[in-house]
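Let's start with one chain on its own, the form predicted alone, as structure tokens.
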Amino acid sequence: MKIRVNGEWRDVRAVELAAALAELGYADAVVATAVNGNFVPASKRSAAALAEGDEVEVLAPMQGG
């Protein structure tokens, strides 16, 4: 299915967020995620279903001040 990841269309086989992150190379990364503008905590990613056309944001934490 096609989903939009950080503004780019990507093809994934996964149907839930955790599996899609692994498929896209984020399996071990410490990141924040959102689906269609809604924050999804790491503990809920396995249950977060994806559908064709969903918008996924993957953000790495930044340090600084």
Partner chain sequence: MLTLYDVTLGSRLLLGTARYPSPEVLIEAVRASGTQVVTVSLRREAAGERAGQGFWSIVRDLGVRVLPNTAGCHSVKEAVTTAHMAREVFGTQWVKLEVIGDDDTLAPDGVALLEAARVLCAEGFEVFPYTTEDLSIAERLCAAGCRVLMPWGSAIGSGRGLNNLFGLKALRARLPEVPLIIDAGIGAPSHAAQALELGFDGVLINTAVSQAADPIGMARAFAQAVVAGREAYQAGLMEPREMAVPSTPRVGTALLR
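Residue numbers count along the first chain shown, from 1. Just so it is clear, the structure is predicted and the values come from calculations on it, not from any experiment.
Beyond what is shown, the protein has a form predicted in complex with the partner chain; the following relates to that form.
Undergrad: May I ask you to check whether residue 53 falls inside a 4.5 Å heavy atom distance of the partner chain in the predicted bound form?
TA: Contact check for residue 53: no, nothing within 4.5 Å of the partner chain in the predicted bound form.
Undergrad: Going by a heavy atom distance of 4.5 Å, is residue 42 a contact of the partner chain in the predicted bound form?
TA: Residue 42: yes, in contact with the partner chain in the predicted bound form.
Undergrad: Examine residue 59 and determine whether its closest non-hydrogen atom to the partner chain in the predicted bound form is within 4.5 angstroms.
TA: Contact with the partner chain, yes.
Undergrad: Would residue 12 show up as a contact with the partner chain in the predicted bound form if we use heavy atoms at 4.5 Å?
TA: No.
Undergrad: Sequence order please: the residues of 27-54 with a heavy atom within 4.5 Å of the partner chain in the predicted bound form.
TA: Residues within 4.5 Å: 27, 28, 29, 30, 31, 32, 33, 34, 37, 38, 39, 41, 42, 45.
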